[in-house]
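Starting off, we have a lone chain in the form predicted alone, written out as structure tokens.
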Amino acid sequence: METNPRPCIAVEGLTGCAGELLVILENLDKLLPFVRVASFPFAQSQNDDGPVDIAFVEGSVSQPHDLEKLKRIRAKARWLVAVGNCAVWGCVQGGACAKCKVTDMLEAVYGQHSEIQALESRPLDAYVNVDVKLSGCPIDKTQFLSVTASLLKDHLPYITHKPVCLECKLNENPCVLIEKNLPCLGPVTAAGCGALCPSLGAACYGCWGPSQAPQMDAMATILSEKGYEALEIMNRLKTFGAPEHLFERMNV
């Protein structure tokens, strides 16, 4: 028995692609000297359902059993960290649910008599208190390790919500929105990826979720002036689950 037991963590998944789970798994060796992994069903067969210091949860709440599982996790965790765009914003499934009813999607895919149950896809904080929101699609390993280190020291971490444009400036990237007329969403997307796509000459497509106080109306106006259709603009802006209230000032 350890004389000074290490803090316990749990890594759990709801409805998502498991991209965040892979990032955590690939970097778990850096944490093992400092934590005990009580539960990680994606990576180990024996899991402890007891209390934990930190619970990392990826995926959105899209099914009734997701909600039941999330409430159990919240009840046993001191800190709950939403990891990835699905958990923080709802991601692609959240964007899809904003366009049509869940019941219509179920019927179209599985038929009228399907017994499959589904909910309108929502982020974790729609149902429980979330202590830290770590966005990304998938998350950045450096941000993940930094967040974990802060929580292990009982400090809430600082996570920037500045736009991707800041990282482009730091990387001295030419602006693909201005110079290439690409539909880049960098001005309204949260930084954290290191401006990955613009650094390769491609447009940011918003997978990190909205930046702080994003000017969605101005973004729509700029893209419209560059010849992009209103429907295409809205689809791009909403793809990764940005909440409806961000679009209230828009006229497209």
Partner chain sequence: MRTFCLLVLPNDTLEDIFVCNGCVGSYGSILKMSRNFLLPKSRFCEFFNYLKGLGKFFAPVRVSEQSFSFKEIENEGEIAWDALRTILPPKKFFYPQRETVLKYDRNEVEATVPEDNFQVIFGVHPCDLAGLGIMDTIFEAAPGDTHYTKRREQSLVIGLSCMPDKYCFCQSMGTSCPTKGYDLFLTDLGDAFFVQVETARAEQMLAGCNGLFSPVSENDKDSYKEFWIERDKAFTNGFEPDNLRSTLDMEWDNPLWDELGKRCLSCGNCTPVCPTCYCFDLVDIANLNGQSGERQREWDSCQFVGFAQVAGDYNFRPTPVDRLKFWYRHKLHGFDDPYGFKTCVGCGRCTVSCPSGIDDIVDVVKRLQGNNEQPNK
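Remember, it's a predicted structure, so these values are computed and weren't measured experimentally. Positions refer to the first chain, counted from 1.
Quick note: we don't show the form predicted together with the partner chain, though the next part is all about it.
**Prompt:** In terms of non-hydrogen atoms within 4.5 angstroms, which of the given stretches 120-128, 78-86, 168-176, 103-111 touches the partner chain in the model of the complex?
**Reply:** Only one stretch qualifies here: 168-176.
**Prompt:** With the cut-off set at 4.5 Å between non-hydrogen atoms, does P163 touch the partner chain in the model of the complex?
**Reply:** Answer yes; at least one heavy atom of P163 falls within 4.5 Å of the partner chain in the model of the complex.
**Message:** At 4.5 Å between heavy atoms, is Q46 in contact with the partner chain in the model of the complex?
**Reply:** No, no contact at 4.5 Å.
**Request:** Examine Q63 and determine whether its closest non-hydrogen atom to the partner chain in the model of the complex is within 4.5 angstroms.
**Result:** Looking in the model of the complex, residue contacts with the partner chain do not include Q63, since no heavy atom lies within 4.5 Å.
**Prompt:** Would Q215 sit within 4.5 Å of the partner chain in the model of the complex, counting heavy atoms only?
**Reply:** Yes, Q215 sits close enough to the partner chain in the model of the complex that at least one of its heavy atoms falls within 4.5 Å.
**One residue of L67, M219, A38, C197 in contact with the partner chain, assessed in the model of the complex (non-hydrogen atom, 4.5 angstroms)** = Here the answer is residue option M219.
**the partner chain in the model of the complex - contacting residues of 180-196, heavy atom within 4.5 Å** = Residue within 4.5 Å: P187 only.
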